[in-house]
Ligand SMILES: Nc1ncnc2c1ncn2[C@@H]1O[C@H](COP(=O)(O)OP(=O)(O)O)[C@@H](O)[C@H]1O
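Heads up, the chain below is alone and in the form predicted on its own; it's given as structure tokens.
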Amino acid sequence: MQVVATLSLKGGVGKTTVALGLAGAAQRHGVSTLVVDLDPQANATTALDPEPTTATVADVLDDPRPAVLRRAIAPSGWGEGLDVLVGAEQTERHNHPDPGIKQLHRLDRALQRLATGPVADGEPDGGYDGDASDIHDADGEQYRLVIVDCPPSLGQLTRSALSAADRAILVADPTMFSVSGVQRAFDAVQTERERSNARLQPLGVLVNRVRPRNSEHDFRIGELRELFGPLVFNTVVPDRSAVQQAQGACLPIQSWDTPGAREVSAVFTTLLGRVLRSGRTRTPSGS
């Protein structure tokens, strides 16, 4: 089971859009996926349109027992193979600025219970080489991929995600303020790696909402590349109205049949491949 956090310490850059785009790509290519909505705004939950639940991620953070976890997970309205650990406004009560170790690891404890069976030694990580038919789900696991959508702040919720994650996708938009937000997010990943989660690595910086032939956007992307080098993905997410249209209809961008939607979908297929290639197997706690 691969756990990936989508992270930004600046609001409004499209972090949830990236989480949804990656989830849609995973579903399209048959990768069983859970989206964990840690943002108290619960926008990912709204867009994924899950069935009603009797618990939310806030309850899981109160009590990460399997019974509570089961009550907080529902199938997405997008269709088979994509579930949601639903978000709620009440999750904000867990966003302490200085959490204790026990509080910080409740999400990790809950997610480890989902790793019901390790992939056998030597099993490929999907063999992805750009062809969607080469992405295969792993046997014996409830979810191949877990995507954690973080709030745009560095409190207990974001740190909980980083404590549970294998990789972090740092989301930026091509603006002056976003550059400093990426630097703070990168520092947060490095700090959490040293404090509590040695397996955590930044997967890369994904620039969202990019307009072609825009000199300001080109300048800011160049600035990010100067600061972070090859950590900045070569592919960027173009600014297309189809993204907002698909989200408004509670549908994945992959099912929105316009040229702009297909362009955005291709970026998320590439991102999925990078996520899977970076994957490592998570085994249940105590095994």
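All residue numbers are counted from 1 along the displayed sequence. Source: prediction; values computed, not measured.
From this point on, the text means the form predicted together with this ligand, which you will not see here.
Of the heavy atoms in R240, some are within 4.5 Å of this ligand in the predicted complex.
In the predicted complex, this ligand sits beyond 4.5 Å of every heavy atom of A25. Shown alone here, S255 lies farther than 4.5 Å from this ligand in the predicted complex, counting heavy atoms only. Among residues of the shown chain, Q247 is one whose heavy atoms approach this ligand to within 4.5 Å in the predicted complex. Of the stretches 106 to 114, 85 to 93, 203 to 211, 162 to 170, only 203 to 211 has residues with a heavy atom within 4.5 Å of this ligand in the predicted complex. Residues are counted as partner-facing when one of their heavy atoms sits within 4.5 Å of this ligand in the predicted complex; in 10 to 39 these are K10, G11, G12, V13, G14, K15, T16, T17, in sequence order.
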